[in-house]
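Here we start with a single chain on its own, the form predicted on its own, put down as structure tokens.
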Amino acid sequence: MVCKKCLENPAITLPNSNISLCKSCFFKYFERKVFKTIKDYKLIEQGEHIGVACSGGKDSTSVLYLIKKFSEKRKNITITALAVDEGIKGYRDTSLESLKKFCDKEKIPLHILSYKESFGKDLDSIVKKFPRPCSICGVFRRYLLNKGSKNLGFTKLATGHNLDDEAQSIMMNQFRSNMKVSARLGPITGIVKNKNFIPRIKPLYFLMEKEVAAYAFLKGFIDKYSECPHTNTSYRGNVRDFLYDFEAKFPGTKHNIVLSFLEILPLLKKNQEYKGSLNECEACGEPCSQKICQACTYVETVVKKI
């Protein structure tokens, strides 16, 4: 068997198809798909300062590299990497070291915010007393990414969310009957514009996790795959495993979940009941739907009691 596009030996068989591509052709396929998503959904425009939420893992490193490559042929686009150190020994400290080396090599500015400096405790300390680390971690991480994005002057924040991630989010919201949250999904997030909330963009939206992993490995961005040690305890982790099993039996399932969702997304975004309103937290000033944001609530009810 040879590459479908040329006569080289194949490096990967694309998910949900019998198409095999060599390394060079796979890179072209992958990058064209990312750049098409950016253009079709107007994720990045002239004069923008794009922040990239980075962890040092396969997804965020790939999107950081590709946004830099995309911007090199365009004027007035600034790129900055923004990382969050949750404080997970043996996991996040290792990935951040890889990220620092990558940013140095690519000459990309990097800013790192930490749970310990921002909230008083790292996640390793919190998890000893709090049984649901993923719920508090997600709140703190989103809080710092938005606050950091505003302080650094980002017009948008790019994340490494891929097609698998989006399919998981869609199904989680279905299982929880939470269509209001689903209305905020898509290649560019949000329903209403607010100066206090920096829009998130997802250039890897139409690429499966296996494709992203292959791209990162073949490019030499990472040499091993690692995931957060708390993933298997989360609700998302269970939905992820369910979709993996279903995808193995019925290839194309995750793709179809996302494509069918995009058909109804415009209707969800038009629903006035889902738009709600963004207030400013009375404690910290960050955007929230209540008087006090969830991050400040967790600090008072969990962190300060540890």
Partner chain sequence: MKVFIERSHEHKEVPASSVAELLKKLKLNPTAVLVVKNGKLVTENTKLKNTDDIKILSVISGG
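Please read all numbers here as calculations on a predicted model, not as lab measurements. Positions refer to the first chain, counted from 1.
From this point on, the text means the form predicted together with its partner chain, which you will not see here.
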query: Its partner chain contact in the predicted complex: E227, any heavy atom under 4.5 Å; finding: yes
query: Contact of L145 with its partner chain in the predicted complex (heavy atom, 4.5 Å); finding: no
query: In the predicted complex, F35 touching its partner chain (heavy atom, 4.5 Å); finding: no
query: Residue contact check: E166 to its partner chain in the predicted complex, 4.5 Å heavy atom; finding: no
query: One residue of D40, E263, D245, E273 in contact with its partner chain, assessed in the predicted complex (non-hydrogen atom, 4.5 angstroms); finding: D245
query: Answer option from I108, M179, L113, L218, heavy atom within 4.5 Å of its partner chain in the predicted complex; finding: L218
query: Non-hydrogen atom within 4.5 Å of its partner chain in the predicted complex for each of G56, K89 and K202; finding: no
query: Candidate stretches 120-128, 171-179, 94-102, 203-211 - the one whose heavy atoms come within 4.5 Å of its partner chain in the predicted complex; finding: 203-211
query: Partner contacts for 10-31, taking its partner chain in the predicted complex and a 4.5 Å heavy atom cut-off; finding: P10, A11, I12, T13, S20
